[in-house]
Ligand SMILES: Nc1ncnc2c1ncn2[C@@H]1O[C@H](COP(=O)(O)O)[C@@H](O)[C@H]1O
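Read the single chain below, which is given as structure tokens and is the form predicted on its own.
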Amino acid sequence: MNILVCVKQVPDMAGRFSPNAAGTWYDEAALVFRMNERDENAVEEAVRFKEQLGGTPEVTVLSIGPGRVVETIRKALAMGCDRGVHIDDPLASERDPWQIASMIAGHARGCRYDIIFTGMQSDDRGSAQVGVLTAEMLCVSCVTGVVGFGWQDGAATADRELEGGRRGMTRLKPPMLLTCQQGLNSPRYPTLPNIMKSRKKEISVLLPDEVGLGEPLSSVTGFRHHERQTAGLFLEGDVDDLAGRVATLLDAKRGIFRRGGAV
């Protein structure tokens, strides 16, 4: 069994974001980067699957970006992946989902992966397109938003969240691509011994042109802060007084209250 898991390095969402000089994305200088949350779920599921199968399955972790993404690859290796692939692309943040998918598919075509795990979407762009585009390029089955995964008799079962709190189950055989949602599992913390072992694991470095970088189909034309239209309002006083003032404000500004009571 040959398994690929794709991870993205994203800025910590608690950081202070400001547009870059071109105004097309954020300035990375003051930001701290980490593995995308849903990609942590994808790594955990890939490693659990490997442990379930036993024998000699191999989990490869792939990430696209500048040199700093090696740190994220190392974390995945410390979580239990066997080898890494770094597509060294300093312009990765400017690539559209089609281009990112083209590089992943370009690498995967020659490796015959049975299962590919990805996060459902990234914390920064949130397009949720890369996984499905990659599956389309590889002509493999795809299930998105996976919150449950099982394996029996050479086939996988994948649970998906549907509208209205319902779930749907899909059964499929390799090759396949699954995009993982939060709640699928609880990602493990790398232990110190595994962190040390990860330093000795192989990371192959490829260039975008080597894996077949596609032409962009879209581009970012602007990046800016949300513009607040009104300032916040702070109220002080005792509870009874504040309750009445809040009700009056809501009635006047939002129409939540009407004569005769709340609606």
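Because the structure is a prediction, the values reported are computed rather than measured. Numbers follow the displayed sequence, beginning with 1.
Omitted from view is the form predicted together with the ligand, to which the following refers.
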## Note on the structure
Here the chain appears without its partner; judged in the model of the complex, the stretch of 129-137, 149-157, 184-192, 75-83 with heavy atoms within 4.5 Å of the ligand is 129-137
#### Entry: Selected contact from 43, 35, 62, 59, since only one has a non-hydrogen atom within 4.5 angstroms of the ligand in the model of the complex
62
### Query
Since exactly one of 108, 115, 143, 100 fits, which has a heavy atom within 4.5 Å of the ligand in the model of the complex?
100
### Task
May I ask you to check whether residue 4 falls inside a 4.5 Å heavy atom distance of the ligand in the model of the complex?
no
### Query
Taking the ligand in the model of the complex, which residues of 110-126 have any heavy atom within 4.5 Å of it?
118, 119, 120, 121, 122, 125, 126
